[in-house]
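One protein chain, two forms: both are listed below as structure tokens, the first as structure 1 and the second as structure 2.
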Structure 1
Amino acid sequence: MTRTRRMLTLCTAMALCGWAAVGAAGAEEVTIGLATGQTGGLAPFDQPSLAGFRMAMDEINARGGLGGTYMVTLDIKDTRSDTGATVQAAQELVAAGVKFLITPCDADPSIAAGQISQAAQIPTMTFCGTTPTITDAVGDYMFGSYPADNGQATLLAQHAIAKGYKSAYILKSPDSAYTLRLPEYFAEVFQKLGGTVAGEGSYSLGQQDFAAEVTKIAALDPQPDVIMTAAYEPDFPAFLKALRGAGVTAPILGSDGIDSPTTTGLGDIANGIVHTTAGFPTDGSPLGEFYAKYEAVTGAAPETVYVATGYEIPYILDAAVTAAGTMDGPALRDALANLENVPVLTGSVTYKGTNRMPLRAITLVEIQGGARVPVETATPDPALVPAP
């Protein structure tokens, strides 16, 4: 008697499951995995990226899913900004059958997690990793989304030449690929365009004591025309204060790491700094409208442009899914790799003809009177961009 009833229940349950599966065939359910650092050292980058990403994914789901067919569920895992934990999270997500994987804003965990999704043929994208070697270090399923270091450096070098600077001093830190390679890429392009490197300095990340270093710069004769660095908080403000305190007046070129309210809060000494950023919100521009929308939805304006670049990723993915007509790994990879001029908030994104680090516009801004003023927005000339 009980056995019969149990069998009956089981059969009903199975039938219901089957029916549910048929019912959902119109809009297929897929899962996207995110193994990112929501706490720890990468949280300043991964948290805002995730906020933008979720907002875009909700919008896409509301209008029928990726490519109009795939309703997306997000499986979000916090890696505590630890590379080992990122690998474990990636492993779990791949085993759970995600169709797309997002990795943190940093090269090391992205490359480590990418090794796993590459083997499982799952297209993977780093949130805002800028190191141009990330993609080739993993393989053909690994994609970048943010303006790469070598592209930023190219634009800065072109700007330096256009300003008539002949000699540059570069300050770099061997502690991260970003702070080491970006100034080196800059030096490469700057020299190719006719500039000379007057000297190189080194610092340790986070130590914020630059007195010894700036005393050396102040002793240089002749003084360099411009100083270039990829230092960011807390190093950059400390460097700037020490540099101006030591009486050095050379203009400064920086990278997107200083696109932060701290830089504008530095007062008069920040005037004249020119740095790169993924985008600058002007009134009426798509990015400006997004900032307004984000503020309307969340009650606070985005603290950083990473919110916008995170928001762009689902739309890039949507374009690829629409082109491929499926979310199967190999087809989706090919569709992503062949995307051209996909309109996004900050311009357009192209993967075709790249090593899967996108070709996209980068904006130069200058700091004047505690505010940013856009200088130019341009896509770096691929012929000038140094090989990663």
Structure 2
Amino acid sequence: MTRTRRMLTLCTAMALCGWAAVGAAGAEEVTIGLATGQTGGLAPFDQPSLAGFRMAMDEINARGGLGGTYMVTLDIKDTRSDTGATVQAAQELVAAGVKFLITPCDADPSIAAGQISQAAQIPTMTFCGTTPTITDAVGDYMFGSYPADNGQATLLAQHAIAKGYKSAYILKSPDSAYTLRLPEYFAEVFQKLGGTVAGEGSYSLGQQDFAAEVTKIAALDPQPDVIMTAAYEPDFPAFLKALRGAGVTAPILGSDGIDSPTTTGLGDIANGIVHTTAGFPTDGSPLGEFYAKYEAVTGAAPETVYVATGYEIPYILDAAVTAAGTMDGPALRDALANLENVPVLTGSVTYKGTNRMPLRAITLVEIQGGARVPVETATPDPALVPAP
């Protein structure tokens, strides 16, 4: 058994079995602020992330707090998936003296909020924002937690080449960094590996009529071998229905934004879609054990892996606080930035040597009969990952 595997087993046992370490007698109380979209367009991602985060934080408090020293209170603000409201929430939380800040699963509000916490030297982490430029756009106090867009795109491109796809059509939206850059990263790697881009299209976030775009794709001769997009609900279901309704049968590659019950509930038209996610709960795996525990505690199994990735964040923070011996901003920032091979439910997380977007494994799943079926789990080849 490798050292990493032993650490993972120990961490999982402590988390899943509720083993408790004795905290310091004079534990200090601190507050973590969460400015996230519990309603609105980001709710399918931020809601489950918060559910997992709260469960982990309760466990850590029960065994003595972060680093065995800091008992945590959560100050949770719903930003309604609005950037302006996220900024206001971040200002209020920073003024209240939070020691750590969580921002939404999206680049724009995370960057806006992070610029406030950066000035106050408060380490900050986005729940599942994946745009690899988030951290550089804010500064050295900003961290990601989820697989970055350029890594997801690389694994998707490698999968496309392995499947024998030689031409790809990409659909992107300029309305967000996620929906624009992820398909562009895919195209860059796909072409680098020998594929060609047969065409590209554009849409607006919230668009419901994809007739013009679908007509354009249907008219291509020859048809593309595969279609790749980072669209998510409600846009992705509308696009897929229009595409299949027009008789276009090309397979679709998607990103983690469609890792939701909406996608698996689309029926037969969703069969064959392959998309990225942070992990898959195979039997006997730490993630599988977590899913069973979560169902036992809440009465319902997680519908998405965002519950698990939200759960991982307090344990990542705990590792950093333990290393730093403090929750002082600069020291905690440095400890986070130097974490390496921290065991989590979906594998391990490394920040050392990165731009504070984590190096971690990514899973591909295929939709079959209303269920996700694992395809592969791998860490993208750093030599292929496009620069942010």
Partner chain sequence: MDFFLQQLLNAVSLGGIYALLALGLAVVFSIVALINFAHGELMTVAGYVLFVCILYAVPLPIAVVAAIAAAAVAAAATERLAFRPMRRADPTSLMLTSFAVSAILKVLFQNGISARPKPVPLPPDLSGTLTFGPVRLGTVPLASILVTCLSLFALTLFLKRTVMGKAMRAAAEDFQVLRLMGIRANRVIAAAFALSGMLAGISAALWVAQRGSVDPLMGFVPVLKAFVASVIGGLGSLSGAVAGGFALGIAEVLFQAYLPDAALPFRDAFVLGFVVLLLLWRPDGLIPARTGRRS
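Between two forms, the rigid core is defined as the largest C-alpha subset superposing within 1.5 Å. Sequence positions of structure 1, starting at 1, serve as the residue numbers. Everything numeric here is computed off the predicted structure, so don't read it as measured data.
A.B. asks: Would you check which of the pair is the form predicted together with the partner chain?
C.D. replies: Comparing the pair, one sees that structure 1 is the form predicted together with the partner chain and the remaining one is not.
A.B. asks: Quick one: once the rigid core is lined up, does Ile161 have its C-alpha move by 2 Å or more between structures 1 and 2?
C.D. replies: Ile161 C-alpha, core-superposed: shift of less than 2 Å.
A.B. asks: Please check if Gly201 moves between structures 1 and 2, taking a CA shift of 2 Å or more relative to the superposed core as movement.
C.D. replies: Gly201 C-alpha, core-superposed: shift of less than 2 Å.
A.B. asks: After the core is matched up, is the C-alpha of Ala95 off by 2 Å or more between structures 1 and 2?
C.D. replies: Shift at Ala95: 2 Å or more after core fit.
A.B. asks: Superpose the two forms on the rigid core and tell me the Cα shift of Pro302 between structures 1 and 2 in angstrom.
C.D. replies: After core superposition, the C-alpha of Pro302 moves 2.3 Å between structures 1 and 2.
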